[in-house]
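Take a look at this single chain, the form predicted on its own, given in structure tokens.
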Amino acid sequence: MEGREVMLPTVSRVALCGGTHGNELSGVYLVRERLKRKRKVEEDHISVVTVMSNPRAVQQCRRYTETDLNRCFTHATLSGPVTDKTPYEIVRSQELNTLLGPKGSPEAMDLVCDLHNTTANMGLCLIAYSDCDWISLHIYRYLQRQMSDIPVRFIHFDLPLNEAYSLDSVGKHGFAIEIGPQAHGVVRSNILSTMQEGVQHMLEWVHLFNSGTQFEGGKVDVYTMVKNVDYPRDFETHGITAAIHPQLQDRDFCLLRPNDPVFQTFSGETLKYKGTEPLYPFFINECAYYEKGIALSLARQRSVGIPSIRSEREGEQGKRESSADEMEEEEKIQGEMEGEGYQKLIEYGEESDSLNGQHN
């Protein structure tokens, strides 16, 4: 995998979104600063559209007003009917799909980056639905190399495109940038600076890629989500009966082994991890997930090989189409010659554009 080169279309249209959750303020303030300059700007020949995703929730400094916007981008929700009783966030998801998509179409943005904060101690994470989207994985590796002072990781949610529920799934390529820890409803200068740096490096990578830079292949670590774990609950009231154990709190991406402490009940009892497979916890004690019944998520770490990539420069697409026509003509001639008893060996080079995963 690492030894081959894949040629991919340029990433000429990028959407940078913040405020999808109105109380995650790093993205809100980063987007506000960019909008002061211009809603749409050209940065090194990249068209960057900056969007405040959920303005009503931002105005109220709430995660959402009626329903979680970042769960409204499945095919079923985007294609559903809208009435005067439809929740605002569902209406807004369809507006954003029109603006940045439509999802799954050739007209969709080349790259959608959605900015988020977490209360968990996760550093900077890219979260995506494909583990074979070479654009996203190369951006991830570039951020790792440029931001050595903070952990940078890649979380993979293994869902098909039509079931992918978050805003970033609208683009041909897309991911969320999730940075923490930061409490919701506040902004910390160091977390905001990290987000600004991450966005700047992402745009740098896009510029280099579009300019013809070849990015070498290699291997990257990917955390594929396996399952969510809820808090222990009272059978009758369904209220939680335990908190995250002190030995687990703030230890996101530290390997959780069988019989390691996970919860501490309100009466002081330690509850241990009963799984048989060591897994990596993340989103530990995320404030926004109490309502979703999630105390933490567990992931499996694996090494993913990525190929060398570079962009198709202007005119190369036409050359490839011309080459395909020539191949077809040669095959026709070869068939005629073989029909007359001749033998001819023809060697063709192959280039594949089909390695971008389900985001395409």
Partner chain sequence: MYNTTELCSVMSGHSSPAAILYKCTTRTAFISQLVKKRQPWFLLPGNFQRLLSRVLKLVLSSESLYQLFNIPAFTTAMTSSTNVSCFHEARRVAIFGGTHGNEMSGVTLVNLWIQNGKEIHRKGVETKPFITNPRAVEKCTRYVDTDLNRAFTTENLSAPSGDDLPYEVQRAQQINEIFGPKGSPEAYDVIFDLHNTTSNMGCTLILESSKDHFNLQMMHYIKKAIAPDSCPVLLTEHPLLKYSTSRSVAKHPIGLEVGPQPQGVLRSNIFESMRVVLKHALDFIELFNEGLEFPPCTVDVFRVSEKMDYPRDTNGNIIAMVHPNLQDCDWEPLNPGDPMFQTFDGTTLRYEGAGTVYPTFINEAAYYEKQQAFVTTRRETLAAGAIKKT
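Positions refer to the first chain, counted from 1. The model shown is predicted, which means the values in this text are computed figures rather than measured ones.
The next section is about a form of this same protein that is not shown, the form predicted together with the partner chain.
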Residue within 4.5 Å of the partner chain in the model of the complex by heavy atom, from Asn285, Thr74, Gln144, Gln94, is Asn285
Answer with one of Ser79, Thr213, Gln196, Thr270: the residue that has a non-hydrogen atom within 4.5 Å of the partner chain in the model of the complex. Gln196
I have Met202, Cys254 and Arg313 flagged as a candidate spot, so tell me whether each of them has a non-hydrogen atom within 4.5 Å of the partner chain in the model of the complex. no
Among 48-56, 295-303, 26-34, 66-74, which stretch has residues with heavy atoms no more than 4.5 Å from the partner chain in the model of the complex? 26-34
Does the partner chain get within 4.5 angstroms of any non-hydrogen atom of Thr98 in the model of the complex? no
Any chance Gln249 has a heavy atom within 4.5 Å of the partner chain in the model of the complex? yes
I'd like to know whether Tyr88 contacts the partner chain in the model of the complex, with contact meaning heavy atoms within 4.5 angstroms. no
4.5 Å heavy atom contact, His184 to the partner chain in the model of the complex: yes
Quick one: name the residues from 223-252 with any non-hydrogen atom within 4.5 angstroms of the partner chain in the model of the complex. Ile240, Ala243, Ile244, His245, Pro246, Gln249, Asp250
